[in-house]
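A lone chain, given as structure tokens: the form predicted on its own.
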């Protein structure tokens, strides 16, 4: 695949899934802007075709400024990957508005702002891909994480609505819904689940692995490979869809 001349932007691109996607797109020739709140983390992995821009998806002004800087430097956004997010669980009766707003603000509001700003330059192109990194929690309920589940359902709804709005254009909108991926987020959740449930971290990790139908963690590269397929010319008729990466039927 040759993506030379195309500018891709990935939120949360400094680690995990986002970084795997950035590397794959850059290897295919795209100029890739990675964003995140921690500039030092981005700078550690930037270089070559991968460029760092500090941006907080929960802050509208930061998103507007970040996109403007990226577009002014590297041109219109042809590939947009809203990937930034947090995965924290809390039972309904233990949630307050601050926790709810944090999850929705980063996962759903952040995706909305990212897509909105991307379309300002993508809309005039003859090619465009918006690929949201959602979750299997966007397909089904995730026990113990109603706010997270709602945020990912909302992300998929946004993708489906936009696919209808731009149906006659060369731009496609799709969501990837991975199960548990071998990233730092899983490591963090292993600790928090163990503490909440009164079990060992080994037992907590086993619980998450069992959720994936093939009984193993998914690699970030498997998610990145799916993004690459959706960026290819072979995927032009795939639009408004959810692609589940969970080792089997959910």
Ligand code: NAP
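Nothing here was measured: the structure is a model prediction, and the numbers come from that model. Positions refer to the first chain, counted from 1.
There is another form of this protein, the form predicted in complex with the ligand, and it is not shown here; the text below is about that form.
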Query raised in the report: Which pick from 122, 113, 84, 103 sits with a heavy atom within 4.5 Å of the ligand in the predicted complex?
Result: 84
Requested in this report: Find the only residue in 185, 199, 45, 69 having a heavy atom within 4.5 Å of the ligand in the predicted complex.
Outcome: 185
Query raised in the report: Going by a heavy atom distance of 4.5 Å, is residue 129 a contact of the ligand in the predicted complex?
Result: no
**Report entry** 4.5 Å heavy atom contact, residue 52 and the ligand in the predicted complex
**Finding:** no
Requested in this report: Look up in the predicted complex whether residue 118 has a non-hydrogen atom within 4.5 angstroms of the ligand, and give yes or no.
Outcome: no
Query raised in the report: With the cut-off set at 4.5 Å between non-hydrogen atoms, does residue 241 touch the ligand in the predicted complex?
Result: no
Report summary line: Exactly one listed stretch (147-155, 89-97, 73-81, 163-171) reaches within 4.5 angstroms of the ligand in the predicted complex by non-hydrogen atoms, and it is 147-155
Requested in this report: Report yes if all three of 37, 58 and 179 come within 4.5 Å of the ligand in the predicted complex by some heavy atom, otherwise no.
Outcome: yes
Report summary line: When the ligand is considered in the predicted complex, the residues of 114-135 having a heavy atom within 4.5 Å of it are 133, 134, 135
